[in-house]
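Two forms of a single protein chain come next, each set out by itself as structure tokens; they are called structure 1 and structure 2.
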Structure 1
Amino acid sequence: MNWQDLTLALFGPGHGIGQDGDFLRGSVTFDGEPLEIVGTTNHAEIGVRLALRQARSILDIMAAHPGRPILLLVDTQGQRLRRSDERLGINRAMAHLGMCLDLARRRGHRVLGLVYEQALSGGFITSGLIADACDALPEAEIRVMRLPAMARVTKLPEAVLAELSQSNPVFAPGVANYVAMGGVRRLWQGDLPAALREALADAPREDRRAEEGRQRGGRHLAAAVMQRVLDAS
């Protein structure tokens, strides 16, 4: 689903969300309450400029509208793999975006992520995965690393990883696997305004992804390991 159809279904015509290149921004009214929208489209590559533009929007929202909920519309192919962005410090720009979102959460903003098209790699890690909760549309495509790249990093044969991906969601792409791992909280199906209403109403104040991954059978040890670290600290 493209962002125009999505926002029309959620907020009706004349919602006020605008597109500038790969960047989406707007303020809407939902159920009589204001809601801030920040997002990307066109399977955006998140380079230095786009990361900083999103971060600037989050800072502006905190300054002008303390505590107002923020919905992140996620459609990205990941970080921009260009030498110019590397030289400009893409790692620091994306870390800055992540820290701005974390600061917004700490200041009382409910921050929700919605993957409506594609979410890959660092562009997803520093947006939807830092939100209080990240949801997705059923037809969205999600993966952090392709199997060939995973094979290069882990030094395991790609055939071995492909076999593992059949039974272990950690190695497999797809929305259902990210739901199983707890990275995606729930899928929005049918009545999209009702799904948004529910997401705003029960946005968690603490990170429950590891525990939800354990309950859903997608991550068996993460929650236990985290608890052991906390108990030892």
Structure 2
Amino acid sequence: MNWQDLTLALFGPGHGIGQDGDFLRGSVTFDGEPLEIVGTTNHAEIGVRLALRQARSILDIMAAHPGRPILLLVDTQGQRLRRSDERLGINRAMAHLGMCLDLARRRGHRVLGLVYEQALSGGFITSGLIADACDALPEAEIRVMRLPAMARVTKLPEAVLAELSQSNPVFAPGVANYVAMGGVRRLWQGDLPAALREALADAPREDRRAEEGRQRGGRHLAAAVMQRVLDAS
């Protein structure tokens, strides 16, 4: 779903969210309460500039509207693959964005992520995946890499990977797999405003993803291994 249809369905006409290049920003009213929107579109490449732009918004929201909830609209093809971004320290800029969002959570802002189009690797780690909770639309795509590329890198036959991806969610793209592993909390089906209302109401404060991955059967080991480290003598 494009961001215009999504925000129209969520907030009605005249919501005031604006697009500037690949960047989305606005302040809306939802159920009579203010909500800050920060996002990207056009399957944005997240380079230093776009990471800093998002970070600036989060810093401004913390300064101007303490405690106000933030909704991140996620649509990214991942980190920008350019030498100039690497030389400028793209990993540091992305860490900075992640730390801004993390501080916002600690200062009492509810931070929600919504993957409405596409989410990939580096662009996702410092947006939806560092929020209190990250949800997705059912038709969105989430992946680290497509199967053909994964077959090349891992030197394993694509057919083997395709077959395994039926039984094991760790290999294959897809929002359902991320839900099973606890990386995405839930999918927004049907009534979108109702889904947002629910998401704002029950966003967890702690990182429960490993435990949810265990309960849902998509990540059997992570929670158990963490516990074994805590208990080891």
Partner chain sequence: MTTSYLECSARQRLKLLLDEGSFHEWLPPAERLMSPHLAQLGVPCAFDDGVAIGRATLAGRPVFVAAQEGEFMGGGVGEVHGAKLVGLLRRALRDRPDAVLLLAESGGVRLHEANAGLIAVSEVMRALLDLRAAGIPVIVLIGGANGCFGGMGIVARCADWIAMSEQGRLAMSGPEVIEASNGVQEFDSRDRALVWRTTGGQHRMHSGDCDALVEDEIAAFRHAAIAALDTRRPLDIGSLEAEHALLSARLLEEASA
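Here, residue number means position along structure 1's sequence, counting from 1. Everything quoted here is computed from the prediction, not taken from an experiment. What we label the rigid core is the largest C-alpha set whose atoms superpose within 1.5 Å from one form to the other.
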| query | finding |
| --- | --- |
| Structure corresponding to the form predicted alone | 1 |
| CA of residue 195, rigid core aligned, shift of 2 Å or more between structures 1 and 2 | no |
| Rigid core superposition, residue 28 Cα moves 2 angstroms or more between structures 1 and 2 | no |
| Rigid core superposition, residue 125 Cα moves 2 angstroms or more between structures 1 and 2 | no |
| Following rigid core superposition, Cα shift of residue 228 between structures 1 and 2 in Å | 2.7 |
| Cα displacement of residue 159 between structures 1 and 2, once the rigid core is superposed (Å) | 5.6 |
